[in-house]
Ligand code: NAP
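In structure tokens, one chain follows: the form predicted alone.
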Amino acid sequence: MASAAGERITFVDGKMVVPARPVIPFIEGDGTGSDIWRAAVKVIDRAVEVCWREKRRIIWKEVYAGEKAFRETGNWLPQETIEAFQEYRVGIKGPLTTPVGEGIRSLNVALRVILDLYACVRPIRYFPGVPSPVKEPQKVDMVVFRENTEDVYTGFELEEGKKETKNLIDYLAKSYGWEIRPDSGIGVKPISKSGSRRLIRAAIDYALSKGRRSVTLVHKGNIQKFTEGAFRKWGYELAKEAYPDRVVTWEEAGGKSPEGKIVIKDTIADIFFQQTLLRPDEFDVIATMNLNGDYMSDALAAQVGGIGMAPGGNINYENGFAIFEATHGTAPKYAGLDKVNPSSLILSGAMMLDYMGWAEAARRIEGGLERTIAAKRVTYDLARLMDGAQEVSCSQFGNLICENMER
């Protein structure tokens, strides 16, 4: 099925089939979303134009979620939006407001669950010149694979003081001998074998296809033995079963990556936070669960300049569905001021182009961003921390990236 000007991306025999004029749905986003989207779409379009002139072009299709959707339809996440992402397969979005005290728990989580976008992928690398709180941010070059559909993010919770909460506490005491304080709220943390294995498989496949050195399973299995400990166990089992000739354990490899193979290893979550500050170059691809991955990806982003510099994608590698997104919030106090840093959404656009197989355009964007930062013409968040920097607006920053990507 084609639109008036473009065609759908399809998925055949496990591979993306991308036409020369793909239709890509986008959600502008709430708060500063409109500002950063205007800058990002200009950069993405210009990168494609520089690489292929009229031979390739993205046909953008706006769909609605968040405040804009609620104003128009009374629905925070219209069914038409979900259907558009399903039909066109690949999309991109700005930050969305999570309604407080009404509506759904989180629009971002809802999209991930409804479309089964089980892998949240966050590449985290340093761009020279970006202010950083650590001494050697250039050593940070990791890709975090965070399981997106399980863990405490399922929202299986019961409120303190409710009858059903008391009933569950009483049942757990009677059936398992678990002594839980009667004034507790209760949450359930599901970690499945199938959900864990497909996430870890995606991380290993990525590491092999990109020539990375290792995959680290990050967990708290020393305490949570049958959830996070099981995640670790299932990861090693999968590596042995599915990749016997391409993956070796840390012990088997003597701590070094043999040529043509990757090392699979694991570490406790709290130790991981310390080691990524002290020895970040020892880590490459990370596979972890939902809550851990949320903390870790933001902490790593802080080492390279903050989440304003970090892209993200939510992907189902089994059917090709993917939504790429700005990883930060809506920052409503800056909305409409043409002020905030659009780099997260711009880099998410580059990540989307990579996913589509349009890697040349993705490299153009990254090169343009590097040169713009090196010239110290940056948005306020970076300018206030850089000596001799010239502050520019969000839109000006996008224009400069467009100019610099042509060099």
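Note that the structure is a prediction, hence the values are computed from the model and not measured. Numbers for residues come from their place in the sequence shown, where the first is 1.
We do not show the form predicted together with the named molecule, though everything after this point is about it.
Taking the partner from elsewhere, A287 is found to have every heavy atom lying beyond 4.5 Å of the named molecule in the predicted bound form.
Interface membership of I307, defined by any non-hydrogen atom within 4.5 Å of the named molecule in the predicted bound form, is confirmed. Interface residue remark: V340 is counted as part of the site for the named molecule in the predicted bound form, having a heavy atom within 4.5 Å. Within this chain, I191 is remote from the site of the named molecule in the predicted bound form, having no heavy atom within 4.5 Å. For the options R89, K93, H219, R146, the residue carrying a heavy atom within 4.5 angstroms of the named molecule in the predicted bound form is K93. Proximity to the named molecule in the predicted bound form, defined as a heavy atom within 4.5 Å, holds among T97, N292, T227, T267 only for T97. The partner is not drawn, yet in the predicted bound form one stretch among 194-202, 71-79, 322-330, 161-169 has residues with heavy atoms inside 4.5 Å of the named molecule: 322-330. Contact residues in stretch 279-298 (any heavy atom within 4.5 Å of the named molecule, taken in the predicted bound form) are absent; none meets the cut-off.
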